[in-house]
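Let's start with one chain on its own, the form predicted on its own, as structure tokens.
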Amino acid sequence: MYNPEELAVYIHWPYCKSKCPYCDFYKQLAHNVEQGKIVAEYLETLRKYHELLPNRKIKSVFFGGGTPSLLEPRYVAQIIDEISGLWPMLDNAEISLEANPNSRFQTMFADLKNAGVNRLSLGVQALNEADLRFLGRTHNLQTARLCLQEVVQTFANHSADLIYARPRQNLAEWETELKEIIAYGLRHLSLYQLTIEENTVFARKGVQALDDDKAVEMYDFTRDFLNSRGYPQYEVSNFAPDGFASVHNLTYWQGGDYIGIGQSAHGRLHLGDKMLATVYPFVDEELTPQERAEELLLMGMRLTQGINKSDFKQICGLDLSDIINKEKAKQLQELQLVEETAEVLRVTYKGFPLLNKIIEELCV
């Protein structure tokens, strides 16, 4: 449910120990990083945003990257304290941090919890040694397993990432990894299909992802497997028991307001009757209702619950029916790929493997 009084904060820490060969995100290698100086800049930018948005309430803070677990916990605490000092925090505010096993030190998870983090997302990516090496991960399987155990023991809310549809991967191997990951009792899983993006090491080396038919088979298997074991799918790549969907990421998918702090971070804000796209440190561009509506369509159809038509109009001022290609929408409904009611428009279970094509068809 969209609430214009609520605000999410994204903190981008762009530094990594090494760059994975599949990654096309903005990041830098963590050599001689002046953490205190960078965090001071973050705090100053947060204060400027407070001047612009003094009456908001914080629903979530998300430390992403890069590898934010390389940021010293004392600086994580400093950022969280600054945010909570500037704006009131909702009682159930979600404060997430992405961690990599390769940044682990003995008290890391306890220190992060003491800093104010209440949800930890662990970038495992694979649960066998061969594929960890293939994916360029600099942690081994033993470290991944140790971190998973520590995370669930330390935090009440937690998530892990895995990558599937790796070259030559088969269903039996993937099922083994899924069985292991759910055995830890995690509250949330993010499972991403390997794609070979331009300007990555994999692309330059000519690495080929699993062929499309096998990837779709693996995707369907994953959904069925997790749905039957208490992890219903709520977004194209995300699975969680009721009550444990990512509050912060739902802000993106449902069109809520958020600010982005850190290199390459961006935001979306309502300010009076204006809709703004922001880029760090403090650059904004006004969006037209049509531009914002197109973003809402692209993001909202990723959710299994789809797009709430009332929220859609409240956010961008336009009717969803005026944005979509009505003829294509009717055809997609006849094929049972899309479902529409008076309240929502959503992709069906059958349609999700074709999500990108469906969104393309719906765009006028």
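Everything numeric here is computed off the predicted structure, so don't read it as measured data. When you see a residue number, it is the position in the sequence shown, counting from 1.
What comes next is about the form predicted together with a small molecule, which does not appear here.
Site annotation in the predicted complex: the residue of Glu150, Asp131, Glu177, Asp161 reaching within 4.5 Å of the small molecule with a heavy atom is Asp161. For the candidate set Ala99, Leu189, Ala245, Met275, a heavy atom within 4.5 Å of the small molecule in the predicted complex is found for exactly one residue, namely Ala99. Contact check at 4.5 Å (heavy atoms) against the small molecule in the predicted complex: all three of Gly66, Gly123 and Gln193 pass. Heavy atoms of Arg137 reach within 4.5 Å of the small molecule in the predicted complex, making it an interface residue. The closest non-hydrogen atom of Glu197 lies within 4.5 Å of the small molecule in the predicted complex.
In the predicted complex, at least one heavy atom of Tyr22 sits within 4.5 Å of a heavy atom of the small molecule. Heavy atoms within 4.5 Å of the small molecule in the predicted complex belong, among the stretches 66-74, 37-45, 324-332, 50-58, to residues of 66-74.
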